[in-house]
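Just one chain follows, in the form predicted on its own, and it is written as structure tokens.
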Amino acid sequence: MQDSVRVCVPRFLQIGRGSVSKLPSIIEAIGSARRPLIVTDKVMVAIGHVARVTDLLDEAGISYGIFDETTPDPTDIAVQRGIAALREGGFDSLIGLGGGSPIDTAKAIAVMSQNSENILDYRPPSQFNNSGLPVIAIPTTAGTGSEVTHHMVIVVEATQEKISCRGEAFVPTAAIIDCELTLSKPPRITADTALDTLTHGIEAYVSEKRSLFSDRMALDCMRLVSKFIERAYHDGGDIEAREGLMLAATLGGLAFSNSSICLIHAMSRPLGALFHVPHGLSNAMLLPKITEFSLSSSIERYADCSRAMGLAAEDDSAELAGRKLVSGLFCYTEIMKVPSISEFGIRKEEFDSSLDQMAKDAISSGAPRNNPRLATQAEIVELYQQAW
């Protein structure tokens, strides 16, 4: 019997090809969003995604502003600039357009502009549920799942600490899931974001906080990624593959947001904070090795993952299915040319001197407690060294 769980999801999702065209009607349905601030980055401006959105708003007679100063790892300073832009323009809502960074920045502006402006007040293990301004999330990368989660990750610029904020306040009001916005993604970003999605599905399924709800989202997430990841990687114009990965990202977000992330994400974030490794890529670097480390502590669950991904047969033993999962993950990273930490270009001396601090930061995030196999600080250091 499943214990009672509280599930947090956006008020509604608009899913399917061409869904972005529904933006004006979504704004109207929300009611309190009459003058949105578009939170994005300069890449989204350059490739035309912002213009696609503003054309829709212009045609509908909806006034708006644009804040395009988000950074790949969103910082508290960027959030403060966004809050200033929000207030200066008198905006009453936000549209997060782009990858996880613009969407997380939009969430932070929405909540912090109406509550405390000190990001440290949102540090885990606290859960923040006070409402902020409405947020419409429009993802363009098919990876983070931030469009449906009650998480956001912000870097404290002064200390480079990466804070994962949690709570119902951070769930977007609505999300638009349009795979057409991902067609411009190059192979490297396609691979990294899809492997990020796969990590969400696997960690949600083996997490100590899993539920029947998160299990269903996680298994379908893994099925979709394994079916479409190589197709999208080799042919970016494969619209069916793009659609499958886009839905997988949203399902993965629903899965881990309503269960939890585990050791992979905990170790991934310090790599991003200290060495600016993109989040999806750092997850991809760690995914096979940490899965191998954790395998024996939840062999039946990992076997389910292997079967869902088509790596193992239904009649394979749990032990064989688990081994096939690890081999399959290593194979994915090889096919998609995921670099090791050393190949990313980090200096060995700098990496070695940061190991203890990274391990401490990983443990302090709380996520390792949800992992099937609990890791000591020394074991986390060793795993970083193995991933080097």
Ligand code: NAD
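The structure displayed is predicted, hence computed values, not measured ones. Residue numbers here begin at 1 and follow the sequence given.
From this point on, the text means the form predicted in complex with the ligand, which you will not see here.
- Heavy atoms within 4.5 Å of the ligand in the predicted bound form are found in one stretch of 289 to 297, 202 to 210, 227 to 235, 133 to 141, which is 133 to 141.
- For the three marked residues, S146, K162 and T193, a heavy atom of each sits within 4.5 Å of the ligand in the predicted bound form.
- Although the partner is absent here, G96 is not a contact residue: none of its heavy atoms lies within 4.5 angstroms of the ligand in the predicted bound form.
- In the predicted bound form, the ligand lies within 4.5 Å of some heavy atom of D41.
- Shown alone here, G90 lies farther than 4.5 Å from the ligand in the predicted bound form, counting heavy atoms only.
- Contact check for S101: a non-hydrogen atom falls within 4.5 Å of the ligand in the predicted bound form.
- Contact annotation: of the candidates T250, S113, T182, S214, the single residue with a non-hydrogen atom within 4.5 angstroms of the ligand in the predicted bound form is T182.
- Between the options E243, D304, D76, D73, the residue in contact with the ligand in the predicted bound form by a heavy atom within 4.5 angstroms is D73.
- Applying a 4.5 Å heavy atom cutoff to the ligand in the predicted bound form picks out H279 as the lone residue from 263 to 282.
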